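Listed next as C-alpha cells is one chain, alone, in the form predicted on its own.
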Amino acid sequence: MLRIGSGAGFAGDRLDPAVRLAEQGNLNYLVLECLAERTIALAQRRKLQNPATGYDSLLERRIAPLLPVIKKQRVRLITNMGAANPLAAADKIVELACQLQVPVKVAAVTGDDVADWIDPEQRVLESGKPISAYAPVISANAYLGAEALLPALESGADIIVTGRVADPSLFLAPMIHHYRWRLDDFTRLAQGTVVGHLLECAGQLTGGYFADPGVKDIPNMADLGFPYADVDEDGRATISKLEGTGGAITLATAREQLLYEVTDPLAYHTPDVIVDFSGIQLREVGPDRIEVFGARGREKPPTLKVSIGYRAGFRGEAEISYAGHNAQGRAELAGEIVRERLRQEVGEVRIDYIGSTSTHRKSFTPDVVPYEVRMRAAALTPTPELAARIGEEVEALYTNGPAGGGGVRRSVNEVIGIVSTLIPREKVATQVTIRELVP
C-alpha cells in the first residue's frame, strides 16, 4: 500500500503539520502544494527583479525542518515551491542541506514557462479578448501533468521541486511511478486524480474552511491535523489523519472537498485525464477514516491550460472608522465625500462599509444597526501617483469630513491580473535537472 501525505494546501499554510506527518505518518511521499494562479505571477515578478529568486518565499522555512526528517524517515518530498524558478529553488535546497550537513538529491522539473510560445492574438478564456489586450504580460505558465514528474521520480531524488503542475497531478505522479500505471489506464488515473483532488488543500479535508460553530463543529482546530491517503494498486484509497491531531475527517468534510473547484462533475479536466465524478463513492470505515472509489476517466485533453499574469495597474486603498451613534450615517457621508472629490481624477471609486454591507454589497439583516462602521475606498488606476490620491482624500476626512473619524490606513499596491488560455500540449517540453549534495 502506498501512503501519501498532504503537507500544505497553499503558499501561506502552517508549517508544523507537515513536519508531524513526516515524523509520525509512515509516509512514502509528502506533497506540499503551495502555488495558486496569482502566486506564480508574483514569483515571476520577483525573478524579473532578481534572477536568483522566484521560488516560494517560505521555501527555506519549510524545507529546513523537513529535510532531516524526510531523510531519516525515507519520505520523498514533492512540491511546486519552485514557482517561477525551480532551478533556483533546487540550488537553495542544496545550500540548506549543506548548512544542515544532510546529503540530498534534488530534481528540478522545468518547462511550464511557455511565455515564448504564446501568440499575442490568441484569445483568453475569460473574455474572448486577445492576450495582447492584457499587456504587459509578465508570466505564462502551462499546467503540467503527472507525466512531467515521472523522470524526476525515476532519478531517485529525495526532493522533486516544480513550478506550475496541476494540483492533483502532484499526488497522481507517485501513484503512477509506484504502481507502474499505464498513462492510458484512464480508470486508475481518474481514481488517483480524485485522491489527489481530495488531498490537495490539506487542512480543508480535515475540517479547515468547513467549520461553522453550532452548525458544523470541528474539534481542536488550533492543532488541525493534515490528511494522508493509503492508495492500493487500483487507486482505491482510504483517507485519514494522525491519531491525536485536531480536526475531523467525515463524510461531510470529504464531500465538501470533493466538490471544491469542480464546475462539471461529469468532465473534470486535468492534464492527465478527464474525470467523471458521477460514480464516486465515499464510505466511512472508521473514526476519521473515509474510503473513496468509483471514479471513471477518459482520454486527457489535447491542450494544456495556461495561466497568464499581467500588470493590471495600481490599487489605491484607504479606510477610516466611525463608531457610536449614527455610525452608519457618518460613514456613508464620508464615502459620498470621497467619491465626489475623486470623480474627475480617478473615475469610479468603490466604497464599502465594513461591518455593514462590504461582504455581500447589501444587508440581509436591515434591522441590525452596527455600533461601528469602517469606510473603505478603493480604485484601480494606471499610475501609483493617481492611486495615492485615494489615501490622501480619506486622510483629509479627519478635519474635512463627518464627526469622529479615526484610524486611517492607506496603501498603494501594484495589481497583477490573471487570465487563462490554452496551448497544444506538444508545444510544451519539460526537463529534469539534478542538484545534489553528496556525503
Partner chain sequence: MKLKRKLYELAHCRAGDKGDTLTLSLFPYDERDYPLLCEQVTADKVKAHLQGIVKGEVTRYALPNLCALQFVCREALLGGVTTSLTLDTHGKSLSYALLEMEIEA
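Worth saying up front: this structure is predicted, and the values here are computed from it rather than measured. Numbering follows the first chain given and starts at 1.
The discussion below concerns the form predicted in complex with the partner chain, not included here.
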Task: 4.5 Å heavy atom contact with the partner chain in the model of the complex for all of L258, L282 and V415 - done: yes
- [ ] Please name which of the stretches 206-214, 87-95, 331-339, 179-187 has residues with heavy atoms lying within 4.5 Å of the partner chain in the model of the complex.
- [x] 206-214
Task: Position in contact with the partner chain when the complex is considered in the model of the complex, options L100, I138, V124, A312, heavy atoms within 4.5 Å - done: A312
- [ ] Consider the chain as shown here, without its partner, and state which of L58, A388, L380, V408 has a heavy atom within 4.5 Å of the partner chain in the model of the complex.
- [x] L380
Open item on the list: Please tell me whether any heavy atom belonging to E395 falls inside 4.5 Å of a heavy atom of the partner chain, as the geometry stands in the model of the complex.
Closed with: no
Task: T365, heavy atom within 4.5 angstroms of the partner chain in the model of the complex - done: no
TODO: Check whether P219 has any heavy atom within 4.5 Å of a heavy atom of the partner chain in the model of the complex, and answer yes or no.
DONE: no
TODO: May I ask you to state whether K71 is within 4.5 Å of the partner chain in the model of the complex, using heavy atom distances?
DONE: no
- [ ] Let me know which residues along 26-56 have a heavy atom within 4.5 Å of the partner chain in the model of the complex, or say none if there are none.
- [x] E37, R38
